[in-house]
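The chain that follows stands alone, in the form predicted on its own, written as structure tokens.
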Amino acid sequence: MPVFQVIINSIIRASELSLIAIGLTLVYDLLKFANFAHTEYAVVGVYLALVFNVNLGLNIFTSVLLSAIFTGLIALSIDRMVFRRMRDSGRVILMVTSFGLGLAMRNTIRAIWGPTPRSYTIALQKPISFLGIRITPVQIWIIATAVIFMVAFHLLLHKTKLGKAMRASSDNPALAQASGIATEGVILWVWFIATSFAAVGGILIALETYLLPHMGFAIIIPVFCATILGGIGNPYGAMLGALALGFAENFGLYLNFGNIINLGGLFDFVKEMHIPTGYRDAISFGILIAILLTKPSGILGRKS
């Protein structure tokens, strides 16, 4: 496989993970707890898009937009019913609650749609080849969608009153409220934006693979790894962490570790040694452990 193909694959992977990681870090930055149900919101969005696209016959673009909106509204409802009542319960209780909520969401999806893999109604597409690289129109759309959403998020954060209120509420909630900022309203907007981004990120993954109820569990380690790698609580760190993780995963699968063991040909202990594709998540897990041991604040994170 050409190196340029590995680079393209890394960018695609980063595009998928970055939107989910941004949502996760937004919730942590404002509410100060690790939301283990976050990746399950992504799966909710994936299956809502399936309903709009397959059952109702809408095109995939409309299905993605409606899915993101409805996923955000579901998150608002859950916040009103669950998390709002537990605002002052402490991080650990909120974290455990989110873990239980994630299990409930996953099994509800499994009960409604079953465990069978599903896919969207998208015709088979011929890959585009250039410079030895093969990329499908769907993969181009995945990268473009991620870039559009990240630019829109940057503009929201720095060019709107809501973005300034979000940053103020994150830095000092008490002072923000004393200054006239409705922090509860900001929290609602953060839930809506975070889970909408998660829904879009989940759909991007499903477009390239297929839909399964346990998708959320399958991506929870890479998403948390990207978030912590970039610096949890920093949206730009989440983008950078997703990009770094995408390259680490794909180059980890690409590299021949036999050359490293043989010291570049000095010895002949092994001929070839590659990490099997099924162990890609092990790379994420290894990076996550290394980060927590060496630099828990991440690349752009602030030391507490």
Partner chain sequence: MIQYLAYLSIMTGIYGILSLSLNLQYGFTGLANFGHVAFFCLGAYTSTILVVLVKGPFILGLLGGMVAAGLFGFLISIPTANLKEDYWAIATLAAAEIVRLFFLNEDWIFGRGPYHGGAFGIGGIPRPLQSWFSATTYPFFYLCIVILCLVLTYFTVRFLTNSPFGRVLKAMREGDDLPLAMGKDVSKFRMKAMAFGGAMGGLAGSLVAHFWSFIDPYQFMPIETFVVWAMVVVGGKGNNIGALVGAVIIQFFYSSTLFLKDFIPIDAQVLASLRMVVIGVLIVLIMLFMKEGLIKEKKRIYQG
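Rigid core: the largest C-alpha set superposing within 1.5 Å between the two forms. Numbering follows the first chain given and starts at 1. Nothing here was measured: the structure is a model prediction, and the numbers come from that model.
Another form, the form predicted in complex with the partner chain, is not on view; read the next lines as being about it.
Asker: In the model of the complex, do Arg91, Phe217 and Ile232 all reach within 4.5 Å of the partner chain through at least one heavy atom apiece?
Answerer: Checked in the model of the complex: all three residues contact the partner chain.
Asker: So in the model of the complex, does any heavy atom of Ile228 sit within 4.5 Å of the partner chain?
Answerer: Looking in the model of the complex, residue contacts with the partner chain include Ile228, since a heavy atom lies within 4.5 Å.
Asker: With a 4.5 Å heavy atom cut-off, would you call Asn107 a contact of the partner chain in the model of the complex?
Answerer: Yes, Asn107 lies within 4.5 Å of the partner chain in the model of the complex.
Asker: My question is simply whether Leu155 lines the interface with the partner chain in the model of the complex - judged by any non-hydrogen atom within 4.5 Å.
Answerer: No, no contact at 4.5 Å.
Asker: So, in the model of the complex, is Val82 in contact with the partner chain at a 4.5 angstroms heavy atom limit?
Answerer: Yes, contact at 4.5 Å.
Asker: Heavy atoms within 4.5 Å of the partner chain in the model of the complex: which of the stretches 170-178, 119-127, 94-102, 155-163 has them?
Answerer: Among the listed stretches, the partner-contacting one is 94-102.
Asker: Though the partner chain is not shown, can you say which of Pro115, Pro137, Gly132, Gly185 has a heavy atom within 4.5 Å of it in the model of the complex?
Answerer: Contact with the partner chain in the model of the complex is made by Pro115 alone.
Asker: Between the options Leu212, Ile143, Ile74, Ile221, which residue brings a heavy atom to within 4.5 Å of the partner chain in the model of the complex?
Answerer: Looking at the other structure, the residue within range turns out to be Ile221.
Asker: Could you run down 6-40 and flag each residue that has a heavy atom within 4.5 Å of the partner chain in the model of the complex?
Answerer: Residues within 4.5 Å: Tyr28, Ala34, Phe36.
Asker: Honestly, after the rigid core fit, is Thr277 moving at least 2 Å at Cα between the shown form and the other one?
Answerer: Yes, the C-alpha moves 2 Å or more.
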